[in-house]
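Form predicted alone, single chain, as structure tokens, below.
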């Protein structure tokens, strides 16, 4: 394998920005599943297509990492950040797909609110990625992602309390819980991305 000996910063930064922008598109697509007249199968197909795009971007980052000798910051952190961005889209795709596979006719408002939180996390993550070039002005980003993750936690707990109050049959409860769990994991994954960014900033400044 031929290694690049010159710094490859711009390429990595552009690819991380593209990865984060793909999350924005993917979660916006997923949010359409809550529209009253949504074609849920079509929405799930679109989210799946975007998830495949996200995978390709991640693979591209890792291929470049494996062929680059001089990297803009720690190699392990590049690997970790790429994987954690990819994790977000994996969880969003899984939650969307389960809604279709389980043929859930009605979705609690809390699940729609979870995805709305994810939309906000995606937007600020996409805004933050280009600032990795200078590693400046990112404090507010990871603080806000942490706040959004706490908000997602509260929504998840509120939904669990509603699901287990006895008004739904056990099978429906399990299905809705699994969908909510996937979106909760996506919120956790956004926090993992932010934590990785914070680690990079601390190491490099």
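Please read all numbers here as calculations on a predicted model, not as lab measurements. Positions refer to the first chain, counted from 1.
Although it is not shown, the form predicted together with another copy of the chain is what the next lines describe.
The partner is absent here, but in the model of the complex a heavy atom of 63, alone among 147, 63, 32, 49, sits within 4.5 Å of another copy of the chain. Shown alone here, residue 174 lies within 4.5 Å of another copy of the chain in the model of the complex, counting heavy atoms only. For residue 140, no non-hydrogen atom is located within 4.5 Å of another copy of the chain in the model of the complex, even though that partner is not displayed.
Mapping the unseen interface onto this chain, residue 42 falls outside it, with no heavy atom inside 4.5 Å of another copy of the chain in the model of the complex. In the model of the complex, another copy of the chain lies within 4.5 Å of some heavy atom of residue 80. Within 4.5 angstroms of another copy of the chain in the model of the complex, the stretch 38 to 59 places a non-hydrogen atom from 59 alone.
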